[in-house]
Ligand code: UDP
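Just the one chain here, the form predicted alone, laid out as C-alpha cells.
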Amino acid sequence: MDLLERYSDVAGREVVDHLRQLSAELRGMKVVHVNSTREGGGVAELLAKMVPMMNALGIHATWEVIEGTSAFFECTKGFHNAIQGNTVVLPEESYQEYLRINSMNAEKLEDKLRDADFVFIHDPQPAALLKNIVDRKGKWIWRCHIDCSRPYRPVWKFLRRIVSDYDASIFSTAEFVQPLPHPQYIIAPSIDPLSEKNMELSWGEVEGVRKRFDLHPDMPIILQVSRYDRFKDPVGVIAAYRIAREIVPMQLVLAGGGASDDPEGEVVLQEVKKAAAGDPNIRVLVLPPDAHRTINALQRAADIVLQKSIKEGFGLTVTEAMWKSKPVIGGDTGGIRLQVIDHYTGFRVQSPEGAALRIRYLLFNHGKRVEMGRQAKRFVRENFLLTRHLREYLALMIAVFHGFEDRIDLTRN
C-alpha cells in the first residue's frame, strides 16, 4: 500500500488529499534536513518519518547529520542548557570549536546545501552552516525544538547573530519566539501513529515486556520515558513516587537512554541510580535507541505516565502516552502545556509534592483515569499526528517560496 494511503484510516481521507494538493507546487524540489544525530531524541524520530513522507509526495527530501568532536558537543550542550535558561559561561575556544566544526561540515555538504530549494536546519548544532555556504540557491529555515522562552542572554546573543540570516524560523510554541529579523512560524511537533513506538500491540506482547522487567502484575505502574537529562527531572520523579507510595503501593519505571550529541547523559544516569538505590519497586532502564516496541509496550502497561520536566521544548513522550489513552502528569512548562490540559487530558504540576498528589488522585479514581485517557487520545488525533505536522511544513514552504505574498493560488497548476 502507498505510504500516504496508510494514513487515511487514522487521519482521514480528506487529510491525505489535502497533503497532495498542498504539495503539488513543490513536487520535484530538493529539500535537505540537517541535524546532529541519527538516533536518540525527538528530532531524529521526527526526521525519520518526515523525510519519507515528503518523498512520497514527490518532493526530493534528504536527511544529513553533521559530525563533531567531543569539545563541539560539550559546547552545543552548553548552548542547549543556556537557551533553556541556565547560566552557562563558555570559554572563547568553545565558540571557536563550534564555528570550526560547522565550517568543516559545510565543506562536506556544500554541493547538497547550495543546490537545495529548501534547507531545514534543526537546533543550534548545525546553525552556523549557513555562514559557510555562499551563493545559496534556496531558502534556509532554522527549526528550534528547544524551550528558548528565557534564554541566557550572552549565549543567545552569539546564536542570534547566526540565525538572524535565515529566511525564516520555526518554534514549537508562541512563548518560545525570540525577536528575529525574519518571519517566524509556530509548528508543534508530532508523532507517527503507524510507527513501532505508537502502533497497536497485542496484550501478549505488552505482558511479555512487563515480565521481562519483572514488574508486579497486581501493583500500579508509574512510568516516565525520557533521556537521562536534568531538565527531565528524573530525580524529582523518584521523589514524587516516594511521597505517593506512603499512601498507596506502586512501582516506578524510569525508561530512557542517551543521544550521541548529549555528553551529560551518563552523569545524570548515575545520579538517578543513586537516588533509586535500595528500592525494589524502582526500575531504572537504559534502553537502546531502537527499543521502540519496548517503549510502546511499557506505555501501554503503565497506569499513569509522567513527564515531570523542568524545561521542555515539546515532549513527544507525552504525545505518545496520550495516544495510548494514558493520562499524563507533566511539568507545567513549554510544549507540555499544549498537550496536558489540566483536569482534561491529565494534570500539570510544579513540584514532586504536586505530582505525588495527582498520582494518588488518579490511582484512587479509576473512572477518571479512563475518562482522561480517552480524551487524551482524541486530543492527539485532532492536533499532534504526523499528517498535521507535514501539512504545516508544506504551507510554510509555499509561503516562503512565494515571498509571503498576500494571496497564493494553489489551483493554478
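On a predicted model such as this, the values are computed, not experimentally measured, just so you know. Start at 1 and count along the sequence shown; that's the residue number.
Note that the form predicted in complex with the named molecule isn't included here; everything after this is about it.
**Q** Within 4.5 Å of the named molecule in the predicted bound form, do we find a heavy atom from each of G42, G315 and E320?
**A** Looking in the predicted bound form, the three residues G42, G315 and E320 all sit within 4.5 Å of the named molecule (heavy atoms).
**Q** Might K197 be said to contact the named molecule in the predicted bound form, defining contact as any heavy atom within 4.5 Å?
**A** Taking the distances in the predicted bound form, the answer for K197 is yes, it comes within 4.5 Å of the named molecule.
**Q** V209: heavy atom within 4.5 Å of the named molecule in the predicted bound form?
**A** V209: no, not in contact with the named molecule in the predicted bound form.
**Q** Can you tell me whether N105 touches the named molecule? I mean in the predicted bound form, with a 4.5 angstroms heavy atom cut-off.
**A** N105: no contact with the named molecule in the predicted bound form.
**Q** May I ask you to state whether I295 is within 4.5 Å of the named molecule in the predicted bound form, using heavy atom distances?
**A** Flag for I295 set to yes.
**Q** Okay, which stretch from 287-295, 238-246, 172-180, 85-93 lines the named molecule in the predicted bound form, with non-hydrogen atoms inside 4.5 Å?
**A** Contact-bearing stretch, as computed: 287-295.
**Q** Exactly one residue in L113, A127, V225, C148 has a non-hydrogen atom within 4.5 Å of the named molecule in the predicted bound form; which is it?
**A** Checked against the cut-off, the match is V225.
**Q** Only one of G257, G78, G138, P220 comes within 4.5 Å of the named molecule in the predicted bound form by heavy atoms, so just point that one out.
**A** In short, G257.
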